[in-house]
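Quick heads-up: it's one chain on its own, the form predicted alone, in structure tokens.
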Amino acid sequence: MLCTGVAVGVGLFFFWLIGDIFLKGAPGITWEFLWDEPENAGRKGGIAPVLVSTAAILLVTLGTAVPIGFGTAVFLAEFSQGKTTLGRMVRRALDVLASVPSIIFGLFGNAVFSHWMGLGFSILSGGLTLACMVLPILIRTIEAGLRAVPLSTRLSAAALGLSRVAVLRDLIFPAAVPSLAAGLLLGLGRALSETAALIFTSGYVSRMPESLLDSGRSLSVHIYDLAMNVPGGDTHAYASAWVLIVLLFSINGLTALCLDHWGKTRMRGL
């Protein structure tokens, strides 16, 4: 009974939060809002440059984090398995990094990427900083998915004479696809909603970026700025939050559909 009440309470809070954003943000959603540039400090106009900057930051983040995260997860799950000093050190470092506040990552990104590497306040600095932030959760989720594949699968493949590369490619990776997608979604969710780290790295500039070295305002930073620093910006802040929520729902829904289609295709292939 208690568990049911808690679940109902969480569900009601979720629907109240989403409903409030949708009701207050939906009236401001127009084609002009999606395609125009911000005017009057964001009180008027649209969010087109903000959307472009957000997409560019996400591409840099995923393009950097996914290869590194995937390779590290494979090493931890298949080659280390907690028996090597390096593997234990990497796991402990990931656990510490996962608990570091985002503002610390922002200061790190500002010091390393913006100043030491000379990238300045740019989309590239913001994307690389977010990549550092999402790596712990991405690696841990992918590692858990790879380790969840039964040991009997590996032993059976070895008995048949399959190479380790063939086992990873044809047996372990397909079985771990749901966990890979979960890690990617969690990383995307954190990157889309991050604010503090991007204030110190990608900056506040709301004009249309021309390259990855231009400063760019993400959607979450835009919402924060309108809500906290711009008097009269609440209407556009709610509309921007509405767009952010729709993006998150769309990404989750599309991923679920792709996984379902992939699963059915794989079953037919078997």
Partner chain sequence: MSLARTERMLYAGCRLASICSGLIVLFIGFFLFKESLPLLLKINPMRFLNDPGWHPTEGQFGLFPMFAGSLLITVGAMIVAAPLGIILAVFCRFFAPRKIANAYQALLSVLSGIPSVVFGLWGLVVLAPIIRHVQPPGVSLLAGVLVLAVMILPTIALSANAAMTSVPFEYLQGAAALGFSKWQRVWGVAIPAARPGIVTGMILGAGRAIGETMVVLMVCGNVVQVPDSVFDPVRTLTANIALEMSYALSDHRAALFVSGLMLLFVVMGFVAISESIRAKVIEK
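Residue numbers count along the first chain shown, from 1. Here the structure is a predicted model, which means the values were calculated and not measured.
FYI, the form predicted together with the partner chain isn't displayed, but the following is about it.
Screening L184, A77, L119, L135 for any heavy atom within 4.5 Å of the partner chain in the model of the complex leaves a single hit, L135.
D234 belongs to the set of residues with a heavy atom inside 4.5 Å of the partner chain in the model of the complex. At the 4.5 Å threshold, heavy atoms of A176 stay clear of the partner chain in the model of the complex, well away from it. Using a 4.5 angstroms limit between non-hydrogen atoms, F33 is distant from the partner chain in the model of the complex. In the model of the complex, none of the heavy atoms of T141 sits within 4.5 Å of a heavy atom of the partner chain. With the partner chain omitted here, the record of contacts in the model of the complex names 66-74 of 51-59, 33-41, 66-74, 209-217, defined by a heavy atom within 4.5 Å. Contacts between 158-191 and the partner chain, taken as any heavy atom within 4.5 Å in the model of the complex, involve S163, R164, V165, L168.
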